[in-house]
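The chain that follows stands alone, in the form predicted on its own, written as structure tokens.
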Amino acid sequence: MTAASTTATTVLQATQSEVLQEIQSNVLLNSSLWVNIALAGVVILLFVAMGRELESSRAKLIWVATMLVPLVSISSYVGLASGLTVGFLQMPPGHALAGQEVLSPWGRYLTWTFSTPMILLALGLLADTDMASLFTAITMDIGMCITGLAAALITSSHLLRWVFYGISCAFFVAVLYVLLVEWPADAQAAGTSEIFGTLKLLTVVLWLGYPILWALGSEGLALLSVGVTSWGYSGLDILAKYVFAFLLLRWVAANEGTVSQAGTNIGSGGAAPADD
């Protein structure tokens, strides 16, 4: 390990109390975290109430996947607000803030790594897609989040930050392909195309905002402050997670019969049963 990487690691791990003070002194950053924590708590209670009347196993599975989104979020945002998953990173030469210690809320990537696969699971169940397509979407999504984390944390090279960013975007393209090309036909066959189309559009448009914010924020071109970027991410999380989940659960509760009649593709690879 080089001296530069050792210094960066020490800065990241050794100043948790200083990080907490920095978060609390930054009104924009601190408020963006606590507003999300409060909303996640309200959403969890709301979703518990919305799922109480569900009876079919498929509808319940969608509900559980959807419930995990705010549950993961509230846990992760508490980690951010406490300074546990936030650190200072010294930006490498070539970066707009080269040599400066920049506050990095890297814990957001943990949120996305565990919550966005649940969004895709719920969408895949709604569309009644096959297991291979669902596995592809979820694994590509996890790859997108992990390489995004690498892009945010690497301090050895400015170029490599953008290389990891490009890899993350490539994973994202694979997820978009599944959402826009493969799953709409499955949803049409399952009778859920109307709500799937709405949720697909909401997901694609909002998820496109994350790489844009990364590029404009302190991790990328440093055109936006940490507080403004954090509010951008929090706003996207609120819409892409809580609003998305509410619309999905409301539709599932009102159309449980349609949902329960689906389920022919998951676990079967999409193949038709053989004749006796």
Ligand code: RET
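All figures in this text were calculated on a predicted structure; none of them were measured in a lab. Counting begins at 1, following the sequence as shown.
Missing here is the form predicted in complex with the ligand; even so, the following discussion is about that form.
(request) Classify as open or blocked. Procedure: superimpose site C-alphas, place the ligand with its pose in the predicted bound form, test each ligand atom against backbone and C-beta atoms at 2.4 Å; 3 or more hits mean blocked. (result) With the ligand superposed from its pose in the predicted bound form, the site reads as open.
(request) Would you please decide whether Pro211 lies within 4.5 angstroms of the ligand in the predicted bound form, comparing each non-hydrogen atom pair? (result) Pro211: contacts the ligand in the predicted bound form.
(message) Under a 4.5 Å heavy atom criterion, is Trp112 part of the interface with the ligand in the predicted bound form?
(response) Trp112: contacts the ligand in the predicted bound form.
(message) Within 4.5 Å, heavy atoms only: does Phe172 come near the ligand in the predicted bound form?
(response) Phe172 belongs to the contact set for the ligand.
(message) Can you work out whether Ala240 and the ligand are in contact in the predicted bound form, taking contact to mean some heavy atom pair no more than 4.5 Å apart?
(response) Within the cut-off, so yes.
(message) For the interface check, one of 79-87, 182-190, 114-122, 130-138 should have non-hydrogen atoms within 4.5 Å of the ligand in the predicted bound form; which one?
(response) Going through the listed ranges, the match is 114-122.
(request) Decide if the three candidate residues Met144, Gly148 and Tyr165 all line the ligand in the predicted bound form, where lining means a heavy atom within 4.5 Å. (result) Yes, all three are in contact.
(message) Please tell me which of Phe47, Trp251, Trp207, Trp231 lies within 4.5 Å of the ligand in the predicted bound form, judged by heavy atoms.
(response) Going through each option in turn, the one that passes is Trp207.
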